[in-house]
Ligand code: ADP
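We begin with a single chain expressed as structure tokens, specifically the form predicted on its own.
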């Protein structure tokens, strides 16, 4: 589309829906003409599955382990609306560091001159965010990406993982690492969830860029091996993803977040624990205490 390539990393703890979110963002951008690359940086190697009808894609690490000269066509596949799909992969189970796949993938893709040859408008990195260390921190640490987004829910462990990610960004951003674009709140259902996530964002000096509601359209699409954009293009959920995609592409603002110390995070969580009980008992409104 004639714009400078944007490199965006989307982090989140396992099972939070980061791959679903990333793939639907990719599909939303591709359907309006953007040239998109999605690079799965999760050892499960299923980031791009719903863009490819759930078909198998050899990973970068598997191809490197097999030896011989690796070509781009060996480790990539064209998915929905032309999205180029790549999976970094992981080590043999029980052996080695899972983050190594990201290092190997980035090194090989640079050697193959992927970005110069494909000329993408947007590159999306789908990264496991339970532990931000080693290879998993590469998109942040080395300034590989322009902005980082974190997918979270109102559950404490998702918030805990997001706060850990903020710590990594806070450490590396001042020396050229990526900054935070914001929080993508996923599977929002509880009446207090939006207020809780907004409060966490405000407390840590960032923002919530979208609230993605829980929807059966997501589960149904994934059973088909598709994104919601492909399986239910006229659904309200598809429009949620389209608005999110436009938001993160058009609004390039980013910050260095202020992560909470562990004790402060626990105190913040206890405050919300008390509020949740009061909301459930009908003693206060869902947005009380903000």
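Positions refer to the first chain, counted from 1. Predicted model only: the values in this text are computed from it and were never measured.
Not pictured, yet referred to below: the form predicted in complex with ligand ADP.
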Quiz item: Among 108-116, 207-215, 139-147, 79-87, which stretch has residues whose heavy atoms lie within 4.5 Å of ligand ADP in the predicted complex?
Solution: 207-215
Quiz item: Heavy atom to heavy atom, is residue 246 within 4.5 Å of ligand ADP in the predicted complex?
Solution: no
Practice problem: Indicate whether ligand ADP has at least one heavy atom within 4.5 Å of a heavy atom of residue 35 in the predicted complex. | Solution: no
Practice problem: Please check if residue 16 has a heavy atom lying within 4.5 Å of any heavy atom of ligand ADP in the predicted complex. | Solution: yes
Quiz item: Taking the shortest heavy atom distance, is residue 52 within 4.5 Å of ligand ADP in the predicted complex?
Solution: no
Self-check item: The single option of 239, 251, 222, 62 touching ligand ADP in the predicted complex, heavy atom within 4.5 Å
Solution: 222
Self-check item: Those residues of 170-197 which, in the predicted complex, come within 4.5 Å of ligand ADP by heavy atom
Solution: 186, 187
